[in-house]
Structures are given as structure tokens and as C-alpha cells.
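A single chain, nothing else alongside it, follows as C-alpha cells in the form predicted alone.
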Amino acid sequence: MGNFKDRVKQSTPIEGLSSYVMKTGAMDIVTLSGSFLGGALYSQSHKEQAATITASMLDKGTKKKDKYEISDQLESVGAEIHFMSNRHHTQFSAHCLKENLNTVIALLVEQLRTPSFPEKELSTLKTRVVGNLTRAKEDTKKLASIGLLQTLYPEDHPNYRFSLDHTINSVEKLTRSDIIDFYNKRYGLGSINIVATGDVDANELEDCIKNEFGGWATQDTGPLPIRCKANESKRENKTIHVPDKTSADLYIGQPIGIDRDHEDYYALMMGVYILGGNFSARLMQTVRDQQGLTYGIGSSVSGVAFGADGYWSTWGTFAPDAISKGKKATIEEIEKWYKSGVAEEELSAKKTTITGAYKVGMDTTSGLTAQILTNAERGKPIGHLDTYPDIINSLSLDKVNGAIKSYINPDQLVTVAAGTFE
């Protein structure tokens, strides 16, 4: 993995764009990834799918090329370019040979700067998205997750999720004018981060960035303010009926009131990971392996990015006639975890697991690029990537058990089950 602070060259080739270059031993291959603020949360409230659809339209044609010409050009050099959008960012990525990097970046920027948004392609895309969302209405895990977040948060909170019917309606109403309006407001310089790893020369990349991105408009897009907090924590039980399902999904959780930058975040994250973070965690060992009540179960801390007060949750999949027993067994394990805390040997084992997985994730240029980009998006210095394993290894047993006691309350759990029930 190496020392990031010494090996990553960070610069600002043009105002409003930061680049991070890490040369590795991958010969002749370059992996590039980037992003800028302008994800779903930046869409207007009644057009919240504008960011997602806009990003998905970028490879459908530019003012100079249609989608077939773009595809042919990429195929001729064995390269890939992808665009996507999440809650906060619009993201892009590319994978190519070193000798074709300038050509691929030029095409990438052409798609970013001069998309044509063909009406026919938009109609086709909307039909496909609506079809996927309609099928998702049969996904009991997704429905239970949405139900949990709708219970934990008010509608204008970043972690709230709209119903699938609401989202379908939003996509169907979206017009080409809406896409163009969102594009004009959110696309441009100002918050762009670009990361390149592999067989790449930092100076050559900077020159290419200056040539291709220079002169693009600057958008006044900063982090969105958090205008509200999670709903008051209280015990609630909800059931979502989905006919003719052979399995049911259960979500159990509650808000934690802190974000990723809080001093207790890593201790709480570790405690929750010990409860249900992987196949050797408590919930898998007890509810799944010993009692045989679930097909899969796990716990995590989520929704803590960019100042948002997050939540912790436990998820499990059960046979419909076993969900009551599964829920009871899961809550019993949560209560035991809360009352007795975790043991030193559990903490030591999970430290090894987390830091090991972190290092393994850096073994590929794609993994390296993703970690560096995420770090940049969070506004962390590049040296934070070097210190992360130390942060994990420094967690004490008292700190972890104290965080569990401080942010978990088994008496105020929200449970949402989705499936076919009697």
C-alpha cells in the first residue's frame, strides 16, 4: 500500500479542480476516477431524480458524437468510461492504457461538457428506470430499508428515502428541460476531484486536465447544510405486506445523533461491526449458525457522511413463518451485546479484520483510486489514509463499550418487516 502522504502528488491544475496522482507498479494501465458535488440531494425537491438521470444520460451522446460513435471510439482503444450519481456527488471513472490516456480524458470531458441529452434516449432511459423501480417494489429488503428510514428521519433530512411509487412518479414527470436545467446549475468547476493511479505521469495528467477542463464554467456548489435532525427515538413496529413472497426481510435500528467526524464514531462503528459486520460476527454466529433462523443477517452504521446525523441498523432475511422467532432472537442478541459489551478477544480479532480488509482493498488500482477519491470528497488530508489503520488499532475496549452504551438504546428500537404475513 505504501505511504500515501509521500507517494500521492496533489495539485490544483486549474481553479476549482484538484488532482491526486499515485504512480504504482501496474505497467501501461491507468485507472482514473473523479467527482463533483451535485448528487441527488442537489436536485429540486419535486425533481429529485434529475441528478441520477442526468448522469445516466452523459454517455448517450454529445454535440459532436452519438452514443454509437462514443462506444466505437472507446472500443477501438480498449477503454471504459462510466458515469454515476449518488446522494452527494456525480461521479465518473475511466480505465485505459497509458498511451490512450489523453484521448480517453478528452472524450470523458467532451461527455461532461457538451452532452446533447437526446429526447429519444431520455425516453428509453426513463422507461428502463421505471421498470427497474417497479420490479423493486417486490424487493422486501429494499422496502423494509425505506420503511426504516422514513420512520427515523423527517422528509427534508439527507437520510430520508421516498417511497418507490413517489420515485417512479418523479422519473415519469422528468423532462428534457428539467435535465438541462439541472445540468446548467450543477455541472462545472468548483468542487471537482480527480484521482489517477497506475502507470501515470503527474505532470502529463496536469497538462491534459488544463487543456480539456480549462474554460469550463464554475458552479457555486458547496456542501448542503443539514437543516434538521433525526426524529425523536422511540420504539415502533411496522409491517409492510408484499404478496406471494417466500422470504421476509426485517430491519431494526435507531438514529445515533452523530456523524463520521464525531470523536465516538469509530468506537461505535467497531462495536456495531462486532455485532454484525461479517460472517464471524455475533449475529451470524448465533441467529444464523446456531439457531438456523435466518438466511443472512448483519449490522452497520450508515448515513454519517457530510455532517448528517446517522443511524445504526440490523438487517435479516427470514422465512415468513420464522420471522417472529428471528426478530425475538435478534433483539435478544442486541440486548446482550448492549448490557455485557464486547470482549477483548472480539475487539482484537475485528481490528485485524478491518485493517486487513483495508490493505487488501488497496491491492488494485481501482481500490486505490476509490479510497483516495473518497478521502478527497470528505475533505480529509491525504495523510489520513496512512493513519486510518492506527485509528482502528488504537480503539480501547472501554471506548468501544462506552460508545455502545451512549448511542444504543434497546428500549427504543424501530423494527420494520416486509414480506408475506398471515
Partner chain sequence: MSPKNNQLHDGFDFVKSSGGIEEYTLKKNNLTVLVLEDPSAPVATFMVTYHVGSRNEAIGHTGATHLLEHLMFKGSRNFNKEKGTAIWTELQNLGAQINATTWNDRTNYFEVVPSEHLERAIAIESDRMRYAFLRDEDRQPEMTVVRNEYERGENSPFDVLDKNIWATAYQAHPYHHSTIGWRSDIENVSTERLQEFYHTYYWPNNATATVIGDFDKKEALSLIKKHFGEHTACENKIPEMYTEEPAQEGPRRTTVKRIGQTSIVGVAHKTPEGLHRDTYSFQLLGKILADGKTSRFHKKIIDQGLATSIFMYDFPFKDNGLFITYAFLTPGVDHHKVEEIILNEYEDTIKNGVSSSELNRAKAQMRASVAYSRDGSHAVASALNEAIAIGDWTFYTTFMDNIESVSGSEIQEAAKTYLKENQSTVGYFIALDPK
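In this text, all values refer to a predicted model and were calculated from it rather than measured experimentally. Whichever C-alpha set is largest while still superposing within 1.5 Å between the two forms counts as the rigid core. Positions refer to the first chain, counted from 1.
As for the form predicted together with its partner chain, it is not shown, yet the points below apply to it.
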Report task. Consider residue 350 of the chain shown here, and say whether it contacts its partner chain in the predicted bound form, taking contact as heavy atoms within 4.5 Å. Result -> yes
Query raised in the report: Does at least one non-hydrogen atom of residue 72 fall within 4.5 angstroms of its partner chain in the predicted bound form?
Result: yes
Query raised in the report: Taking heavy atoms and a 4.5 Å cut-off, does residue 244 contact its partner chain in the predicted bound form?
Result: yes
Query raised in the report: Contact between residue 127 and its partner chain in the predicted bound form at 4.5 Å, heavy atoms?
Result: yes
Query raised in the report: Based on heavy atom distances of at most 4.5 Å to its partner chain in the predicted bound form, which listed stretch, 288-296, 177-185, 200-208, 224-232, is the contact stretch?
Result: 288-296
Query raised in the report: Using a 4.5 Å cut on heavy atoms, which of 59, 377, 48, 386 is close to its partner chain in the predicted bound form?
Result: 59
Report summary line: With the partner omitted here, the residue among 114, 302, 134, 237 that in the predicted bound form has a heavy atom within 4.5 Å of its partner chain is 134
**Report entry** its partner chain in the predicted bound form: contacted by all of 106, 142 and 373, heavy atom 4.5 Å
**Finding:** no
**Report entry** Any residue of 70-94 that, in the predicted bound form, places a heavy atom within 4.5 Å of its partner chain
**Finding:** 71, 72, 75, 76, 77, 78, 79
Query raised in the report: With the core lined up, does the C-alpha of residue 336 move 2 Å or more between this form and the one not shown?
Result: no
Report task. Could you tell me whether the Cα atom of residue 99 shifts by at least 2 Å between this form and the one not shown after core superposition? Result -> yes
Query - Cα displacement of residue 391 between this form and the one not shown reaching 2 Å, rigid core superposed - result: no
